[in-house]
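Same protein, same chain, two forms; see structure 1 and structure 2 below, as C-alpha coordinates.
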Structure 1
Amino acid sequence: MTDTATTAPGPSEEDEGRRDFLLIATSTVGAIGAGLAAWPFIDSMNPAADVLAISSSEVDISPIEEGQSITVVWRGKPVFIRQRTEEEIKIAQSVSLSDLKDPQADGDRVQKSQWLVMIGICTHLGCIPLGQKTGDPKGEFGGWFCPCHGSHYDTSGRIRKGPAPENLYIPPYVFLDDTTIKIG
(Lines of atoms letter the chains of each structure in order from A and count residues from 1; the text may use other names and numbers.)
(Lines give C-alpha, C1' and ligand atoms only; values in the text may rest on other atoms or scores of the structure.)
Protein backbone atom coordinates (compact mmCIF):
# COMPACT_ATOMS: atom_id res chain seq x y z
CA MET A 1 0.00 0.00 0.00
CA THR A 2 2.93 2.34 0.57
CA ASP A 3 3.15 3.02 -3.13
CA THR A 4 -0.41 4.37 -3.34
CA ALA A 5 -1.04 6.11 -0.03
CA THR A 6 0.47 9.49 0.56
CA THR A 7 2.11 9.53 3.94
CA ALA A 8 0.70 12.13 6.29
CA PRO A 9 3.29 14.60 7.55
CA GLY A 10 4.35 13.84 11.15
CA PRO A 11 2.15 15.68 13.66
CA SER A 12 3.52 18.78 15.28
CA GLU A 13 3.35 19.13 19.03
CA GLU A 14 0.43 21.51 18.79
CA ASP A 15 -1.42 18.98 16.60
CA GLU A 16 -0.92 16.24 19.16
CA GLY A 17 -2.46 18.32 21.90
CA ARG A 18 -5.40 19.08 19.67
CA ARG A 19 -5.85 15.43 18.76
CA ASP A 20 -5.81 14.36 22.41
CA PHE A 21 -8.46 16.94 23.14
CA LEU A 22 -10.61 15.81 20.22
CA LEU A 23 -10.22 12.17 21.21
CA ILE A 24 -11.24 12.80 24.81
CA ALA A 25 -14.14 15.06 23.80
CA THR A 26 -15.43 12.56 21.23
CA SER A 27 -15.13 9.62 23.63
CA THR A 28 -16.94 11.53 26.35
CA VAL A 29 -19.82 12.52 24.10
CA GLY A 30 -19.93 8.98 22.72
CA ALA A 31 -20.05 7.45 26.21
CA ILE A 32 -22.82 9.82 27.36
CA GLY A 33 -24.75 9.08 24.17
CA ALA A 34 -24.42 5.34 24.69
CA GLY A 35 -25.62 5.75 28.27
CA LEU A 36 -28.64 7.78 27.19
CA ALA A 37 -29.47 5.32 24.45
CA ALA A 38 -29.33 2.43 26.95
CA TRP A 39 -31.87 4.04 29.27
CA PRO A 40 -35.04 3.25 27.23
CA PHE A 41 -33.99 -0.39 27.16
CA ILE A 42 -33.36 -0.51 30.89
CA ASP A 43 -36.53 1.41 31.74
CA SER A 44 -38.65 -0.84 29.50
CA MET A 45 -38.04 -3.54 32.09
CA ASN A 46 -39.63 -1.47 34.89
CA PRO A 47 -43.35 -1.99 35.69
CA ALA A 48 -45.48 -0.91 32.71
CA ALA A 49 -48.42 1.51 32.92
CA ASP A 50 -51.03 -1.29 32.98
CA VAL A 51 -49.17 -3.02 35.79
CA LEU A 52 -49.11 0.23 37.76
CA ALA A 53 -52.79 0.84 37.01
CA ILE A 54 -54.08 -2.17 38.95
CA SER A 55 -52.97 -0.53 42.09
CA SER A 56 -55.93 -0.47 44.46
CA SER A 57 -58.42 -3.04 45.76
CA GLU A 58 -61.51 -2.57 47.93
CA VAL A 59 -62.22 -5.18 50.58
CA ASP A 60 -65.38 -5.86 52.59
CA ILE A 61 -64.21 -6.75 56.09
CA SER A 62 -67.60 -7.32 57.69
CA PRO A 63 -67.48 -11.16 57.50
CA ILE A 64 -64.22 -11.34 59.46
CA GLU A 65 -64.95 -12.36 63.06
CA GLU A 66 -62.74 -11.50 65.98
CA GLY A 67 -59.68 -13.80 65.90
CA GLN A 68 -60.11 -14.48 62.19
CA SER A 69 -57.90 -13.54 59.27
CA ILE A 70 -58.34 -13.36 55.54
CA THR A 71 -55.82 -13.04 52.73
CA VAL A 72 -56.60 -10.79 49.77
CA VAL A 73 -54.54 -10.05 46.69
CA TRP A 74 -53.18 -6.58 46.04
CA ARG A 75 -50.71 -6.00 43.19
CA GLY A 76 -50.13 -9.73 42.98
CA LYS A 77 -49.13 -9.85 46.62
CA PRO A 78 -51.01 -11.41 49.53
CA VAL A 79 -52.37 -8.92 52.07
CA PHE A 80 -53.21 -10.24 55.53
CA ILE A 81 -56.25 -8.68 57.22
CA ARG A 82 -56.87 -9.78 60.78
CA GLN A 83 -59.40 -8.78 63.39
CA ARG A 84 -57.28 -9.16 66.49
CA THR A 85 -58.54 -10.38 69.84
CA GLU A 86 -58.32 -8.18 72.97
CA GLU A 87 -55.54 -10.40 74.23
CA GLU A 88 -53.47 -10.11 71.03
CA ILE A 89 -53.80 -6.34 71.09
CA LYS A 90 -52.72 -6.23 74.73
CA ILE A 91 -49.64 -8.37 74.04
CA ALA A 92 -48.72 -6.29 71.01
CA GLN A 93 -49.03 -3.02 72.93
CA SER A 94 -47.17 -4.14 76.03
CA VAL A 95 -43.89 -5.10 74.31
CA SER A 96 -41.09 -2.70 75.10
CA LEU A 97 -39.49 -1.21 72.01
CA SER A 98 -36.02 -2.18 73.16
CA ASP A 99 -36.96 -5.87 72.76
CA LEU A 100 -37.58 -5.37 69.05
CA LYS A 101 -35.20 -5.93 66.18
CA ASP A 102 -37.03 -3.34 64.06
CA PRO A 103 -38.52 -1.08 66.77
CA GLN A 104 -42.00 0.19 65.99
CA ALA A 105 -44.94 0.74 68.37
CA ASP A 106 -48.09 -1.27 67.72
CA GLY A 107 -50.00 2.02 67.45
CA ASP A 108 -47.88 3.03 64.48
CA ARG A 109 -48.78 -0.16 62.63
CA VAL A 110 -52.59 0.00 62.83
CA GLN A 111 -55.30 2.58 62.17
CA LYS A 112 -57.91 0.89 64.38
CA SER A 113 -56.34 -1.32 66.98
CA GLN A 114 -58.50 -4.40 66.29
CA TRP A 115 -57.71 -4.34 62.54
CA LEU A 116 -54.21 -5.37 61.48
CA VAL A 117 -53.56 -4.98 57.73
CA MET A 118 -50.14 -6.08 56.42
CA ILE A 119 -48.41 -7.39 53.33
CA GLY A 120 -48.06 -11.12 53.93
CA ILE A 121 -44.56 -11.43 52.56
CA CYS A 122 -41.64 -12.33 54.76
CA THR A 123 -39.10 -9.51 54.72
CA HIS A 124 -36.30 -12.06 54.54
CA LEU A 125 -36.58 -13.60 51.08
CA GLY A 126 -40.23 -13.29 50.21
CA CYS A 127 -42.00 -16.45 51.39
CA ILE A 128 -45.54 -16.25 52.75
CA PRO A 129 -45.57 -16.72 56.53
CA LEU A 130 -48.00 -19.22 58.08
CA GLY A 131 -50.55 -18.17 60.71
CA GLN A 132 -53.57 -17.14 58.68
CA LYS A 133 -55.47 -20.39 59.18
CA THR A 134 -56.53 -21.70 62.57
CA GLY A 135 -54.34 -24.81 62.47
CA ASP A 136 -51.22 -23.02 61.25
CA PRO A 137 -48.08 -22.69 63.37
CA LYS A 138 -47.96 -19.10 64.62
CA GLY A 139 -44.40 -19.08 65.89
CA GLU A 140 -43.06 -18.36 69.36
CA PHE A 141 -44.77 -14.96 69.57
CA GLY A 142 -48.27 -16.01 68.61
CA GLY A 143 -48.40 -14.14 65.31
CA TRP A 144 -46.94 -15.58 62.12
CA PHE A 145 -44.17 -18.02 61.35
CA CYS A 146 -42.20 -18.19 58.11
CA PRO A 147 -41.22 -21.79 57.42
CA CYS A 148 -38.63 -20.97 54.77
CA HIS A 149 -35.80 -19.98 57.07
CA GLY A 150 -37.59 -19.73 60.39
CA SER A 151 -38.69 -16.12 61.02
CA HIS A 152 -41.11 -15.49 63.92
CA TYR A 153 -43.48 -12.49 63.83
CA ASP A 154 -45.60 -11.25 66.77
CA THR A 155 -49.29 -10.28 66.94
CA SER A 156 -48.41 -6.94 65.42
CA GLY A 157 -46.48 -8.58 62.56
CA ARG A 158 -43.16 -7.41 63.95
CA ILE A 159 -40.05 -9.53 63.48
CA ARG A 160 -38.97 -11.08 66.79
CA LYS A 161 -36.70 -13.97 65.90
CA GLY A 162 -35.04 -15.41 62.79
CA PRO A 163 -33.24 -14.03 59.75
CA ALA A 164 -35.82 -11.50 58.52
CA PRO A 165 -34.48 -7.96 59.02
CA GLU A 166 -37.76 -6.00 59.13
CA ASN A 167 -41.36 -6.07 60.33
CA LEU A 168 -44.03 -7.15 57.84
CA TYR A 169 -44.80 -4.11 55.67
CA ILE A 170 -48.00 -2.12 56.06
CA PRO A 171 -49.59 -1.26 52.71
CA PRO A 172 -51.23 2.14 52.20
CA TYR A 173 -54.96 1.76 53.01
CA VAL A 174 -57.97 3.78 54.15
CA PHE A 175 -61.23 2.87 55.87
CA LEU A 176 -63.97 3.92 53.43
CA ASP A 177 -66.53 3.11 56.14
CA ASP A 178 -66.66 0.78 59.15
CA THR A 179 -66.76 -2.36 57.05
CA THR A 180 -64.80 -1.50 53.89
CA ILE A 181 -61.15 -0.73 53.37
CA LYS A 182 -59.41 0.37 50.22
CA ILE A 183 -55.86 -0.85 49.81
CA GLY A 184 -53.50 1.15 47.61
Structure 2
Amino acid sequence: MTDTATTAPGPSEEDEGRRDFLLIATSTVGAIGAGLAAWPFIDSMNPAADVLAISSSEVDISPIEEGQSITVVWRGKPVFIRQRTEEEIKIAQSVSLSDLKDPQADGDRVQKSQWLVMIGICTHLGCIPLGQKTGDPKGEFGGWFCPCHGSHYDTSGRIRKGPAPENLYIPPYVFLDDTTIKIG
Protein backbone atom coordinates (compact mmCIF):
# COMPACT_ATOMS: atom_id res chain seq x y z
CA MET A 1 0.00 0.00 0.00
CA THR A 2 1.31 3.33 -0.88
CA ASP A 3 0.60 6.41 1.01
CA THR A 4 -0.36 9.25 -1.12
CA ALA A 5 -0.48 12.50 0.56
CA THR A 6 -3.45 14.49 -0.29
CA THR A 7 -2.90 18.18 -0.30
CA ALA A 8 -5.53 20.82 -0.51
CA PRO A 9 -5.11 23.15 -3.37
CA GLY A 10 -3.55 26.52 -2.29
CA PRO A 11 -5.19 29.85 -2.82
CA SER A 12 -5.14 30.94 -6.34
CA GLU A 13 -3.79 34.25 -7.49
CA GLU A 14 -7.33 35.35 -8.17
CA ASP A 15 -8.30 34.72 -4.52
CA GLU A 16 -5.27 36.63 -3.26
CA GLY A 17 -6.08 39.60 -5.52
CA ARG A 18 -9.68 39.64 -4.27
CA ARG A 19 -8.51 39.49 -0.65
CA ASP A 20 -6.08 42.41 -1.20
CA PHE A 21 -8.83 44.45 -2.86
CA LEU A 22 -11.25 43.81 0.02
CA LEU A 23 -8.60 44.73 2.58
CA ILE A 24 -7.74 47.99 0.83
CA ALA A 25 -11.40 48.91 0.20
CA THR A 26 -12.39 48.18 3.82
CA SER A 27 -9.44 50.19 5.19
CA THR A 28 -10.25 53.13 2.92
CA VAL A 29 -13.95 53.18 3.88
CA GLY A 30 -12.99 52.90 7.56
CA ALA A 31 -10.52 55.80 7.33
CA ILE A 32 -13.05 58.01 5.54
CA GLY A 33 -15.72 57.10 8.10
CA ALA A 34 -13.39 57.90 11.01
CA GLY A 35 -12.55 61.27 9.42
CA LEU A 36 -16.24 62.11 8.90
CA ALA A 37 -17.06 61.07 12.47
CA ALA A 38 -14.21 63.20 13.88
CA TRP A 39 -14.95 66.31 11.79
CA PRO A 40 -17.68 67.78 14.05
CA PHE A 41 -15.33 67.49 17.03
CA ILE A 42 -12.45 69.11 15.14
CA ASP A 43 -14.72 71.86 13.79
CA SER A 44 -16.00 72.62 17.30
CA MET A 45 -12.48 73.81 18.21
CA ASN A 46 -12.79 76.78 15.81
CA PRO A 47 -13.88 80.06 17.43
CA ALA A 48 -17.60 80.77 17.29
CA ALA A 49 -18.92 83.50 15.00
CA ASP A 50 -19.69 85.80 17.94
CA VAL A 51 -16.11 85.45 19.19
CA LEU A 52 -14.71 86.25 15.75
CA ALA A 53 -17.00 89.26 15.52
CA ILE A 54 -15.59 90.84 18.68
CA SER A 55 -11.97 89.91 18.05
CA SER A 56 -11.50 93.07 16.03
CA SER A 57 -13.39 96.32 15.64
CA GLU A 58 -13.18 98.93 12.93
CA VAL A 59 -13.76 102.45 14.15
CA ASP A 60 -14.50 105.52 12.01
CA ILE A 61 -12.49 108.33 13.61
CA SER A 62 -13.46 111.06 11.13
CA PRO A 63 -16.12 112.64 13.39
CA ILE A 64 -13.67 113.02 16.32
CA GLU A 65 -12.51 116.60 16.58
CA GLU A 66 -9.20 117.78 18.03
CA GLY A 67 -9.31 117.54 21.82
CA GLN A 68 -12.26 115.15 21.75
CA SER A 69 -12.40 111.55 23.00
CA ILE A 70 -14.71 108.64 22.30
CA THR A 71 -15.11 105.27 23.97
CA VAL A 72 -15.67 102.09 21.95
CA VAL A 73 -15.96 98.52 23.16
CA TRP A 74 -13.46 95.87 22.09
CA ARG A 75 -13.55 92.37 23.60
CA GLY A 76 -15.87 93.69 26.29
CA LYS A 77 -13.39 96.38 27.36
CA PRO A 78 -13.67 100.14 26.95
CA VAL A 79 -11.14 101.57 24.52
CA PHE A 80 -10.43 105.29 24.70
CA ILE A 81 -9.66 107.00 21.39
CA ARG A 82 -8.54 110.61 21.65
CA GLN A 83 -7.47 113.11 19.04
CA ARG A 84 -4.93 115.03 21.05
CA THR A 85 -4.28 118.74 20.70
CA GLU A 86 -0.84 120.08 19.80
CA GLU A 87 -0.46 121.23 23.41
CA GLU A 88 -1.29 117.75 24.77
CA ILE A 89 1.22 116.19 22.39
CA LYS A 90 3.97 118.64 23.40
CA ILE A 91 3.32 118.04 27.10
CA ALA A 92 3.35 114.24 26.64
CA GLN A 93 6.57 114.33 24.62
CA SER A 94 8.37 116.66 27.02
CA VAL A 95 8.01 114.43 30.10
CA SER A 96 11.29 113.00 31.35
CA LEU A 97 11.21 109.20 31.55
CA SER A 98 12.84 109.41 34.99
CA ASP A 99 9.67 111.14 36.25
CA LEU A 100 7.50 108.15 35.30
CA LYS A 101 6.56 105.21 37.50
CA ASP A 102 6.27 102.99 34.38
CA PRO A 103 8.76 104.65 31.96
CA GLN A 104 7.52 104.67 28.40
CA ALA A 105 8.09 107.37 25.80
CA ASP A 106 5.05 108.96 24.21
CA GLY A 107 6.28 107.91 20.77
CA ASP A 108 6.23 104.26 21.87
CA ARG A 109 2.55 104.53 22.84
CA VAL A 110 1.15 106.07 19.64
CA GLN A 111 1.37 105.33 15.93
CA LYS A 112 0.33 108.84 14.89
CA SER A 113 1.07 111.53 17.45
CA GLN A 114 -2.38 113.12 17.32
CA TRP A 115 -4.20 109.81 17.98
CA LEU A 116 -4.05 108.02 21.33
CA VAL A 117 -5.73 104.60 21.48
CA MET A 118 -5.70 102.75 24.82
CA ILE A 119 -7.72 100.38 26.95
CA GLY A 120 -9.63 102.47 29.48
CA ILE A 121 -9.18 100.27 32.53
CA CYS A 122 -7.14 101.43 35.50
CA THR A 123 -4.18 99.12 36.06
CA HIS A 124 -4.64 99.23 39.83
CA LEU A 125 -7.98 97.48 40.42
CA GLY A 126 -9.73 97.60 37.06
CA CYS A 127 -11.87 100.72 37.46
CA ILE A 128 -12.69 102.95 34.48
CA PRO A 129 -10.88 106.29 34.80
CA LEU A 130 -12.67 109.59 34.30
CA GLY A 131 -11.55 112.09 31.68
CA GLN A 132 -13.37 111.02 28.54
CA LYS A 133 -16.28 113.46 28.84
CA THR A 134 -16.14 117.22 28.89
CA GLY A 135 -16.29 118.29 32.51
CA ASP A 136 -14.81 115.05 33.89
CA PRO A 137 -11.88 115.50 36.26
CA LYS A 138 -8.70 114.83 34.30
CA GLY A 139 -6.33 114.58 37.23
CA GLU A 140 -3.23 116.61 37.94
CA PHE A 141 -1.63 115.81 34.58
CA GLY A 142 -4.52 116.63 32.22
CA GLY A 143 -5.23 113.06 31.12
CA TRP A 144 -7.40 110.66 33.11
CA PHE A 145 -8.22 110.27 36.77
CA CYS A 146 -9.38 107.13 38.59
CA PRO A 147 -11.39 108.33 41.59
CA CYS A 148 -11.51 104.91 43.28
CA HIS A 149 -7.95 105.13 44.63
CA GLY A 150 -6.58 108.34 43.14
CA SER A 151 -4.52 107.24 40.15
CA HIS A 152 -3.59 110.13 37.82
CA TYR A 153 -2.68 109.50 34.15
CA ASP A 154 -1.15 112.01 31.76
CA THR A 155 -2.13 112.90 28.17
CA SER A 156 -0.34 109.76 26.98
CA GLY A 157 -2.15 107.46 29.42
CA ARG A 158 0.95 106.99 31.57
CA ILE A 159 0.60 106.60 35.34
CA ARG A 160 1.99 109.67 37.06
CA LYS A 161 0.57 109.54 40.59
CA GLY A 162 -1.36 107.06 42.70
CA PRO A 163 -1.33 103.32 43.32
CA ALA A 164 -1.66 102.09 39.73
CA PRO A 165 1.51 100.13 38.89
CA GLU A 166 1.44 100.46 35.10
CA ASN A 167 0.39 102.75 32.27
CA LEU A 168 -2.99 102.24 30.62
CA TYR A 169 -2.57 99.40 28.14
CA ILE A 170 -2.35 99.98 24.41
CA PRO A 171 -4.38 97.44 22.39
CA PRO A 172 -3.12 96.12 19.07
CA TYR A 173 -4.43 98.45 16.37
CA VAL A 174 -3.67 99.63 12.84
CA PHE A 175 -4.75 102.56 10.73
CA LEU A 176 -6.59 101.14 7.72
CA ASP A 177 -6.69 104.64 6.21
CA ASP A 178 -6.73 108.23 7.49
CA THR A 179 -10.22 107.87 8.98
CA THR A 180 -10.46 104.23 10.08
CA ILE A 181 -8.74 102.29 12.87
CA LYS A 182 -8.92 98.53 13.24
CA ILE A 183 -8.51 97.43 16.86
CA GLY A 184 -7.49 93.82 17.40
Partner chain sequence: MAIEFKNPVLKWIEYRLPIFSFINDSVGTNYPTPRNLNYWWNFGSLAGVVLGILIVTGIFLAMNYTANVDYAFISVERIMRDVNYGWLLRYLHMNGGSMFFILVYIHMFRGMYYGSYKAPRELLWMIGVFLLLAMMATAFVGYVLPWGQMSFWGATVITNLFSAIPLIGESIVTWLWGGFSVDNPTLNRFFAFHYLLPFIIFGLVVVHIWALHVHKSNNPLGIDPKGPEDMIPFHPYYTIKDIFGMAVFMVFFLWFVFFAPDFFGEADNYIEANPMVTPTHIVPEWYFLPFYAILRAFTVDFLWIPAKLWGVIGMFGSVLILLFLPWLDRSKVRSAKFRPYYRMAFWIFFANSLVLGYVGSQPPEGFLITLGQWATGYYFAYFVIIIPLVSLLEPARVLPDSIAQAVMKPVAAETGEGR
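The first residue in the sequence of structure 1 is number 1, and each one after it adds one. So that the term is clear: the rigid core is the largest set of C-alpha atoms that superpose within 1.5 Å between two forms. Predicted model, so just to flag it, every value in this text is computed and none were measured.
Chemist: Assuming the other structure does not fit, state which one is the form predicted on its own.
Modeler: Looking at both copies of the chain, structure 2 is the one that matches the description.
Chemist: I want to check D43: does it shift between structure 1 and structure 2 by 2 Å or more at the Cα, with the core superposed?
Modeler: True for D43: a C-alpha shift of 2 Å or more.
Chemist: Is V174 one of the residues whose C-alpha moves 2 Å or more between structure 1 and structure 2 after the core fit?
Modeler: No, its C-alpha moves less than 2 Å.
Chemist: Checking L125 here: with the core superposed, does its CA move 2 Å or more between structure 1 and structure 2?
Modeler: No, its C-alpha moves less than 2 Å.
Chemist: With both forms fitted on the core, how large is the C-alpha shift of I24 between structure 1 and structure 2 in Å?
Modeler: Here the C-alpha difference is 46.3 Å.
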